[in-house]
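Next up: just one chain, as structure tokens, the form predicted on its own.
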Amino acid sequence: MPNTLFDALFAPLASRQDRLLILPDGSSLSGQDFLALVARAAHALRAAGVVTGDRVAVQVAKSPMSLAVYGASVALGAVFLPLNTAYTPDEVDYFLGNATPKVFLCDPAKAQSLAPVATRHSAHLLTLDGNGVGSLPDLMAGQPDRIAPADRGPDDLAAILYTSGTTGRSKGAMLTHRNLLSNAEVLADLWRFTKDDVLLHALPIFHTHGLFVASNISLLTGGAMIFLPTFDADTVLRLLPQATAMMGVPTFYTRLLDAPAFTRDLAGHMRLFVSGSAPLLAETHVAFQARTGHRILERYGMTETNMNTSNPYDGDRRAGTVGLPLPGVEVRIVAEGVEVPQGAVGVIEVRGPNVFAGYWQMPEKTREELREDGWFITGDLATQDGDGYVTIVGRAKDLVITGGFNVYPKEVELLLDEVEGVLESAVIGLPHPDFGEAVFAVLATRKGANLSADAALAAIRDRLARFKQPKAAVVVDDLPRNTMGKVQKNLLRQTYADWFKG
């Protein structure tokens, strides 16, 4: 029976005797070994009651076994639901209540605190740790190492990914077999991935970047993955000579640049470095190229759409931009319902086979953000130049309206980031009795720098209109980030909410 995603990503492994997963200790799994794991996991999930259309929720450490559970869910025609390993039991309670999974897979060390949550939502609790130990592996023992996949077409659901929930409750983005496969096919072609590639994979697999970009591309093209449980700079430096490509978040690249052992010779054989999930500072681009001779390829995507744009493989990779619309993906910049002139700021809308099917159990939210003609309102503010390159300037919710004037945080941040002693900045709007909102800057200082907030603001005073200038600033050691490296401006707004209230 046809199964769109399984047939493209997993079925070809049946003939692969070469390495698919290369592990930090030097051991490896062939494609055939991994497919047998997928089959046994699928039979175990079936024994736990999973049938086509059921949700399988997982909150476990990254490992070959946890990746196999993804394949097993696809094989059964179930809907895979990966959850951030940092979520608390209270947060997990919301996800299980909303998605009502048949099975919930968690780490054995957290089983005691999560068991009541699973029981409350009638989910069968199974366990799995990063070393492949738990009740799921026990259930897999003795199961057949082949599986006949369930019949699933392009428009059937393959996964639900929850948004980060920085404003209101998280929303479950419903992703179809077509959404995931079409995006992997486009990216594999655009980024020139082949069976000869070895991808250094240090990303988490509860997120679009690590699971649906990195893993799917490697599975689709027949390449191998150096499969690391987390990013550790020493381990990455040790294993980089075996790789041809790497995908990461900006933090990965700044940490590598901090390591003296990361040299041009060490990176010389590499074909491609990709960055995403959070903005890459222009100075990181410059420093990385100076150190290695490579220009990092930055792209733009989100939970609801996978990838939308990318800087070109061949051609001008422009620092500060997220590149051009992907083949088959339409992008437009809109304000008040109409497309804006070239170079003007508006909200990005996208349409294409990558765009999700809607929000799980939230028809009103779906209608608000996904137009009937297929255009999805991303909420990201951007400009697009005459060559088609897209530059993100912030989130619509991060727009600061002060005294009736619009201030785009990115414009202010770019100037603050140039100030001596500033590593990076985050500009937010805070309640203000006179202006409604006031522009406020949080400045992360460079190591060893003696940074003054007043001096930093004075340094940009003549470069910005008065209404755009921060009314105040604070200096901190680091900006708060989520697991994918995105600055959590919602936390900054909470921390400094009373700054101007006297």
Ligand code: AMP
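Since this is a predicted model, take the numbers as computed values, not measurements. Start at 1 and count along the sequence shown; that's the residue number. Only the largest set of C-alpha atoms that superpose within 1.5 Å between the two forms is called the rigid core.
Although not depicted, the form predicted together with the ligand is the subject of the following passage.
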Quick one: from 261, 334, 286, 401, grab the residue that has a heavy atom within 4.5 Å of the ligand in the predicted bound form.
401
Interface residue in the predicted bound form among 149, 279, 210, 82, criterion: non-hydrogen atom within 4.5 angstroms of the ligand:
279
Does residue 413 reach the ligand in the predicted bound form, with heavy atoms at most 4.5 Å apart?
no
I'd like to check something about residue 177: if you look in the predicted bound form, is any of its heavy atoms closer than or equal to 4.5 Å to a heavy atom of the ligand?
no
Taking any heavy atom pair closer than or equal to 4.5 Å as contact, tell me whether residue 406 reaches the ligand in the predicted bound form.
yes
The ligand contact in the predicted bound form: residue 300, any heavy atom under 4.5 Å:
yes
Pick the stretch from 358 to 366, 84 to 92, 201 to 209, 118 to 126 whose residues have a heavy atom within 4.5 Å of the ligand in the predicted bound form.
201 to 209
Let me know which residues along 359 to 387 have a heavy atom within 4.5 Å of the ligand in the predicted bound form, or say none if there are none.
380
Residue 437: after superposing the rigid core, is there a C-alpha shift of 2 Å or more between this form and the one not shown?
yes
Knowing the shift is 3 Å or more, I'd like to know if the C-alpha atoms of residue 331 and residue 408 are closer or farther apart in the predicted bound form than in the shown chain.
farther
Compared with this form, is the residue 407-residue 303 Cα separation smaller or larger in the predicted bound form, the difference being 3 Å or more?
closer
